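As structure tokens, one chain now follows by itself in the form predicted alone.
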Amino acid sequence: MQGTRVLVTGGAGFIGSHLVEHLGARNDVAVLDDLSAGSLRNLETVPGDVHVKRASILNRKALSTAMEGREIVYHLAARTSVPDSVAHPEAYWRTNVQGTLGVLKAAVDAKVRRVVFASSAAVYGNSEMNPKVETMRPAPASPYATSKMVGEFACEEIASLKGLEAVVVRIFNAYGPRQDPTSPYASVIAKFCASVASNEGIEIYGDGGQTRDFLYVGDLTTALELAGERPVAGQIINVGSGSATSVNEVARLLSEIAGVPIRTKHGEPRPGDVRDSRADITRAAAKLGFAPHTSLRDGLGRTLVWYRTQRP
């Protein structure tokens, strides 16, 4: 992608800032973010000029202004914590459903060509079938997952009614530098790396045997760029590594990389958490030409290095 006018909602967040950095040198990129989960510090290394508007996607006027003249919108702004959604379901409906509807409607009004919607592997729920294939029936097991499923439906509906190109990307467990380990949205890898960088022990929820498809954020941004430019309008596409790794194995790998034993303790399982998850990335390979290039060991190493640089 080059010379494209892009808007990234949630562009100051973990994934959003990496996407802005990835696209920034070759495209005209703008960011809309209320900074409730993101930070302007995340955009300090972005090449080129990036216009940042601090506003919520629920602010219709700000959303309309931000959309003007944009060709592609990456809609990443969302609340993303499963446990937090169990405690505050109304907030998730408001931001993730009503907010997404607002983004889609503003995109239609501004004659945006394509919206790439960041959905989640959470829509598959607790189905025992692995790997997860896009044709599986959604079975969300938390308010967060439900809100993402409804967001997908909204993309399909508005695209069919208004002619907007919509692409749904179901993101599996992204990790990497710049994820806030203290946030309720943080992944297990962010928390583990921050603890190891501070020479502290780690807490594992449940028995640690639960598995996830961990995808390095640099590979994810490549997939998102492809979703913006390839002829995939109307598609739902899994983006993951295609491999499943247990939480216990992540802890073991980190211990190896750090060169020190890591103290672990086990807590109660978290409500709404899925037991096992792995992406079938056949469609991503066929439709996007996407293949992940970063091994979990390499990605963990890069992530741990970054967290060590953040220590006071």
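As the structure is a computational prediction, the values presented were derived from the model and not from experiment. One rule holds for the numbers: they count along the sequence shown, beginning at 1.
The following text describes the form predicted together with a small molecule, which does not appear among the structures shown.
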Partner proximity in the predicted bound form: residue 290 to the small molecule, non-hydrogen atom cutoff 4.5 Å: no
Contact flag, residue 144 vs the small molecule in the predicted bound form, heavy atom cut 4.5 Å: yes
Non-hydrogen atom contact residue 37 with the small molecule in the predicted bound form at 4.5 angstroms: yes
Contact label in the predicted bound form: residue 56 to the small molecule, heavy atom within 4.5 Å: yes
Segment assignment from 251-259, 37-45, 64-72, 278-286: heavy atom within 4.5 Å of the small molecule in the predicted bound form: 37-45
Among the candidates 78, 223, 194, 115, the residue which, in the predicted bound form, approaches the small molecule to within 4.5 Å (heavy atoms): 78
